[in-house]
Each structure stands twice: as C-alpha cells, then as structure tokens.
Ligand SMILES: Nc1ncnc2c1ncn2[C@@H]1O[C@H](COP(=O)(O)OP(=O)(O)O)[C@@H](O)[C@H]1O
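Only one chain is shown below, in structure tokens, and it's the form predicted on its own.
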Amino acid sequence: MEIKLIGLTKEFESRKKGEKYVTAVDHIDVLIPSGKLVCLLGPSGCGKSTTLYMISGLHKPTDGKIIFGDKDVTNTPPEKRGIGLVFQNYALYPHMTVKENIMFPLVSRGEPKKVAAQKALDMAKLVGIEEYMDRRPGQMSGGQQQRVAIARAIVKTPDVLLLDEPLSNLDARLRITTREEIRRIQKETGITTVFVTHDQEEAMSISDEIIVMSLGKVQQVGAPQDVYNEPKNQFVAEFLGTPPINIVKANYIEEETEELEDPEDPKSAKKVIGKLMFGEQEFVDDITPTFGERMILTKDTRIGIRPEFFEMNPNGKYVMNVVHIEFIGRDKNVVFTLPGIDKLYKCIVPQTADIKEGEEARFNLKRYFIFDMIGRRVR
C-alpha cells in the first residue's frame, strides 16, 4: 500500500504567552512506497510521532491530505484505515495471555475463535513466541512483549504497519536482535511499514528509506547510505554518523586575477580564484566558485569532514595536533586539534597508522562538504 502525504500540517494550541499555536508538522510532502520499510528519523520534538499519529488517524491534520493507494483517508477513522499500530509501551492487556492478546483484534471484529486462534498461532510462529502462548505479558521480557505487540498488530493483515519508537525500552543488545526481527517480519509479510525512531543507527540498519525531519519539516528523503553520503544540509550531515561529522569554521578569501575579454560584464570581468582558510591552514588552493557561490561563501563558511574522510600521510597537506588515541577494535579513534583552532575533533584511522599522542601528524582528505551560514550545502 503506497502512502502519500500532501501538504500535511498539524498545529497544537500553545501554552506560551503570546503564542496561539505551535506547528508540530509543517506542510510536508512525502511518498512512502508500497511494501517498503521507511523510517521517520529525527530528534525529539521534530514532528515524527505526530506524523505517524496522523497517518494512523489518531491525530486529525490541521491541513493537507493522507492518501492510501488511491483512497483519501484524511478523515477516515483509525479502525477503517487498515492499519496495525505498535506503541512505544507495547499497550498489551496484562490480564490476557499472549494468545488472547494476539487474538483480540480478530475476535473484536467477529471472527470465530477457532479461526482467530489458528491465525494467532501462525503470527506467534512468525515472530518466534509460539512457546509462550499461555503466558501473560508480566511474565515475559521486554523483547518478548514487543514481539507480542507486533504479532497483534499484523494478525489482522493490515495494509500498513506503524511502529512508534518500538525499541526504546529495550537494552542495547536486545534492541539489535529485535530490530533484525522486525526487518525479517516486514520482508516476509511485505507490509508497508513506517517506523519512528530518533536512533540514527537503528534507522540506517533496517530501513529501505529514511525521512529525516527537523522542526516539523522534512530535511531529506532517500536510501540510508545515499542520505549519509550526500547530505543536503548541515543538519542532516550532523545528525547521521558515529562519531559525528567534524564541522570546521573557515574563512573564504577571494583573489582576482587576469582580465577577461569582456571587461564591461561585472560578473565576468575578472577571473576569480578563492581559497578557504581554516585556522592557520589553507584548505584548498583553488575552489573556483561560481558567482552565486562567491556571494554565499564570503559571509560564513563551514567545512564538514566525516571521521572516515581522513587519510594519514607523513607527506600530507594538513597538520593535526594529536591529543588522545582510543583503540576501537581494528581502528583508532583519534582526538585532535587543528593549528589556530581551539576545538577538539575526531577521526577514524587504521590501527596501523603511525601516530602518537602529543605529537603532530599530517593528513590528506578523501572527501569533504562545504556549508553556508544557514547550513545549506554548497558543494
């Protein structure tokens, strides 16, 4: 089931004096492909859960439309949307057994108990809890309860499965195994799934696509690795990645060289060469920006360098002052400063790299991003 969100908006009454409304979701346009697992990813308060609740029908949009397939369900009640919903706290009935919890949606809509019981057993086998059918939720671990909640959500064969931070109550090791199970179940059933999380590692590991949100707006949509490799702005670049990307403030210096053939054209009268300086070091000799880029870069420039973009080289162009080295398996996590900049940065290098704490090390850069004063990616 394909889902389209068109100009979707949600406003709530504000508790602040002088502010009537607060916009939780701000005119977002999103296409969620049929049969895919898509993550709504972003920090707390970015609007991702509110978006999920509008898709489910629990929140009514202030504006915009929600389309399931070719059907407008914007004003359709939740029980008629064909959805399965899994909450953060599981919302299981404590007085019922696992079997009864899973059967509940089927019995509620009038299916015979024998048929419902067989479907419940099939779902329990799918999520790997068939041996716990006679237990109550209080007798199970958090991960097992989460599987019961998922089985209950999909036993009625919904068109859409919605999960709101379903792993946040689990410990780190259990989160990994449970998210792998969710991915397996989604692939086996082929249900269009929307998964809300603030954990970028979680989103990157299981989703077909991620939708990165901030302040109620969609920042970027795409396959996880594409969004990581080619962030559209500084927010996306900083939100994705562990350790986080290094953001280095730089100064753009413009130099004018020889006259061109048409001196009357103010945009092309001179060939312009620009260079970026970060601290005491020149970043590139010649970035030759377009006229539009020149106007942006002269105001405020930031260079984004992911930790894995560093390449240690004794003859490298740049210098770092090594402050601390952490060994992380086959790699080293190097904490360093740059000449002329009083700030700590991090890079990841092979364990064989010949660098020592308290000494200078030279490096080159395999890649980098350039952002303007408001975080837009220039190149």
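As the structure is a prediction and not an experimental result, all values here were calculated from the model. Counting begins at 1, following the sequence as shown. Rigid core here is just the name for the largest C-alpha set that superposes within 1.5 Å across the two forms.
The next section is about a form of this same protein that is not shown, the form predicted together with this ligand.
*Proximity to this ligand in the predicted complex, single hit among Pro33, Pro339, Pro314, Pro43 (heavy atom within 4.5 Å)*: Looking at Pro33, Pro339, Pro314, Pro43 one by one, just Pro43 meets the 4.5 Å heavy-atom criterion.
*Give a yes/no on whether Val22 approaches this ligand to within 4.5 Å in the predicted complex, heavy atoms considered.*
Yes, Val22 is a contact residue.
*Can Gly47 be called a contact residue for this ligand in the predicted complex at 4.5 Å between heavy atoms?*
Residue-level check for Gly47: yes, a contact with this ligand.
_Can you work out whether Lys17 and this ligand are in contact in the predicted complex, taking contact to mean some heavy atom pair no more than 4.5 Å apart?_
Flag for Lys17 set to no.
*Would Glu357 count as touching this ligand in the predicted complex under a 4.5 Å heavy atom rule?*
No - in the predicted complex, heavy atoms of Glu357 and this ligand never come within 4.5 Å of each other.
*Thinking of this ligand in the predicted complex, which stretch from 325 to 333, 61 to 69, 22 to 30, 348 to 356 has heavy atoms inside 4.5 Å of it?*
Single hit among the candidates: 22 to 30.
*After fitting the rigid core, is the C-alpha of Glu13 off by 2 Å or more between this form and the one not shown?*
False for Glu13: its C-alpha shift is below 2 Å.
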